[in-house]
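Only one chain is given next, in structure tokens, and it is the form predicted alone.
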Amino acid sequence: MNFRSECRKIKRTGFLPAFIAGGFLAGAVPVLNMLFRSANYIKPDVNPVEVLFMANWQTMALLNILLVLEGACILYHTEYTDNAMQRMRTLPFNESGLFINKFLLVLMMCTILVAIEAAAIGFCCEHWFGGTVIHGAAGYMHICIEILESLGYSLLLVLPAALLSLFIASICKNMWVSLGIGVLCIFTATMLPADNFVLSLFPFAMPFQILAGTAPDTVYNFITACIAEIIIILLAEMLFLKARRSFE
């Protein structure tokens, strides 16, 4: 099973339209917020990117995680429907490779999602802060770099949640079970105190973190923890697949 075949499988699932529509919905959050409440945010000597992320990212991150969870459930639902997975196991194929390809597909869609959100935040910076807070070509270049850095950081932090969602979906044959577990995890993440570093390492809580205004040491710690969680979840999936094959 290769990545191209994974892309063919999603043609009739609504996977791609869901992510694109979700990206525009998340991108609409800062635009609508600035449209109706711009007077609360436009002030002299403010950092537009930090203001926009502080005001909107919690809602945008929640939409991103819900989309990732939904996508993971859809991807494995196509495998378990009509016992397709059981039939594939009779063939010589690498089930861990199947998991990796699905993760790459989710990563690709998350990148598209982040690109749409970057365009929305860039539009807000130019439309509401351009000429008053942002001055000259150098100012715009600095803002563009800051937006890309912030959303690149956010994309990295969503990967453990994406992997964990896929891991749960690979275990549960019933899509509604994996979806319910994921929603419960997201609800738990929203209840955790944001200022507690240890609790913020919960994979579904990490995407709510923002780069703007965060101390460099904290950013480094989150990146390190994120990479460690990615490795741990991948190892857990490999061990689970090996154990399941032993009992089948």
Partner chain sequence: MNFLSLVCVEFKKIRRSKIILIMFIAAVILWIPSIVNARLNFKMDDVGISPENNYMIQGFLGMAWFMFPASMIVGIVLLNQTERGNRGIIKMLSLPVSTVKLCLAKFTVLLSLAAFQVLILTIMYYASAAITSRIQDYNFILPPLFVFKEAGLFFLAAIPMIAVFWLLSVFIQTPVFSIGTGFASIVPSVLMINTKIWFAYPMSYPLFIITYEYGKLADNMEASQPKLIPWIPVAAGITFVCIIISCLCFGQAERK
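Since this is a predicted model, take the numbers as computed values, not measurements. Residue numbers count along the first chain shown, from 1.
Below, we turn to the form predicted in complex with its partner chain, even though it does not appear here.
task = Would you please decide whether T188 lies within 4.5 angstroms of its partner chain in the predicted bound form, comparing each non-hydrogen atom pair?
result = Flag for T188 set to yes.
inquiry  = Whether A212 contacts its partner chain in the predicted bound form should be assessed with a 4.5 Å heavy atom distance threshold; does it?
reply    = The answer is no: A212 has no heavy atom within 4.5 Å of its partner chain.
request  = Considering only heavy atoms, tell me if L184 and its partner chain come within 4.5 Å of each other in the predicted bound form.
outcome  = Yes, contact at 4.5 Å.
request  = Report whether the minimum heavy atom distance between M54 and its partner chain in the predicted bound form is within 4.5 Å.
outcome  = The answer is no: M54 has no heavy atom within 4.5 Å of its partner chain.
Of I42, V31, V219, L66, the one that lies within 4.5 Å of its partner chain in the predicted bound form (heavy atoms) = Flagged contact: L66.
message = Taking a heavy atom within 4.5 Å as contact, would all three of T59, L62 and I74 count as contacting its partner chain in the predicted bound form?
response = Yes: each residue has a heavy atom within 4.5 Å of the partner.
task = Pick the stretch from 108-116, 168-176, 122-130, 139-147 whose residues have a heavy atom within 4.5 Å of its partner chain in the predicted bound form.
result = The contacting stretch here is 168-176.
key: Sequence-ordered list of residues in 31-51 near its partner chain in the predicted bound form, where near means a heavy atom within 4.5 Å   = Heavy-atom contacts to its partner chain in the predicted bound form: only R37.
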